[in-house]
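Okay, so here's just one chain, in structure tokens, the form predicted alone.
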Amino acid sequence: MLELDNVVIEQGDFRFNADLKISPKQSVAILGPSGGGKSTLLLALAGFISHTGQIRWQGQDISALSPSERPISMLFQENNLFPHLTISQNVGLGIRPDLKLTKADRSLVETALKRVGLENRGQDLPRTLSGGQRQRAALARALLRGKPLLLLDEPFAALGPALRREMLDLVEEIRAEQQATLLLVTHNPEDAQHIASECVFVDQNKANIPVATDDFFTNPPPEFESYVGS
């Protein structure tokens, strides 16, 4: 269980509040207008920005842990690959940040690259790959970290509809295999309907409690209808 107990994030004049629980092994879409706090919420969960209140995972308060100590992998809209490292090296960072990989580690990297369809691109540099391929490499790195919480901040927003759906299917397949909990920030309601079991609507600097996806879209809150223009 992921619990946010009266979490408050303050940055200048911006104030965001979240008080909710998310069951494990769920795929949760976080929806809402730009500037409402969706990405801020993920950054707080990952430990990149400070907050008050408690963030608990499986009953343990992780609020004081550094990003590397948290049970979390995060995939950003920008893939954050190091341009001077090969794809294999970038993925290998998910195992060892110093890249002192054993033969067994390198085998895991090869397996992860194959898993995301990049088995022949390990020695290439990121600039030689398409946007979708770079995001696959970033996903392979997250896959190797094997964390129980996977946070995605619109990582496929720049991709076309068909490729975006393919990537979402791959993410959900991996999430199910690892029995992970997924939080996906998206502006696209179709993405939420495609992948999410629950939806969290963020509006007026507040995260609302999760609602089953079918229920959310059958009886959407008025704020959401205004947001999507229904």
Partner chain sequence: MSAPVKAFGITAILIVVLLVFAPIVALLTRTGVEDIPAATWPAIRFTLLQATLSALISVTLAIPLAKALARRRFWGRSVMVSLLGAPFLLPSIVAVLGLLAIWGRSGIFSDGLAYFGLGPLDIYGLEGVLLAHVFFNLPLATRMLLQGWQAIPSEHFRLAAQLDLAPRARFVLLEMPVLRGAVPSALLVIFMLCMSSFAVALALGGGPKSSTIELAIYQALRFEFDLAGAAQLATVQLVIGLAAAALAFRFGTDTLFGGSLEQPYQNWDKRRWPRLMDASILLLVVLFIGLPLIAILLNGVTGLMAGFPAGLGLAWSISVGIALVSAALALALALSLAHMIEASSSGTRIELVVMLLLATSPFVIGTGLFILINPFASPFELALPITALVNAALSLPLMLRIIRPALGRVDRNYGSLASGLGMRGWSRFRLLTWPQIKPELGFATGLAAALSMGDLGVITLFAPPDIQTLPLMMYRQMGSYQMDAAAGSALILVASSFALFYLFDKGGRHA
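Computed from a prediction, not measured in an experiment: that's the story for all the values here. Positions refer to the first chain, counted from 1.
The form predicted together with its partner chain is left out here; the points below concern that form.
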Residue 114: heavy atom within 4.5 Å of its partner chain in the predicted bound form? no
Is there any non-hydrogen atom of residue 103 lying within 4.5 Å of its partner chain in the predicted bound form? no
Test of understanding: in the predicted bound form, would residue 141 fall inside 4.5 Å of its partner chain by heavy atoms? yes
In the predicted bound form, does residue 68 have a heavy atom within 4.5 Å of its partner chain? yes
Find the only residue in 118, 93, 108, 129 having a heavy atom within 4.5 Å of its partner chain in the predicted bound form. 93
Would you mind picking out the stretch of 173-181, 60-68, 32-40, 186-194 that comes within 4.5 angstroms of its partner chain in the predicted bound form, counting non-hydrogen atoms? 60-68
Kindly indicate whether 76, 80 and 99 are, all three, within 4.5 angstroms of its partner chain in the predicted bound form, using heavy atoms. yes
Along 20-37, which positions have a non-hydrogen atom within 4.5 Å of its partner chain in the predicted bound form? none
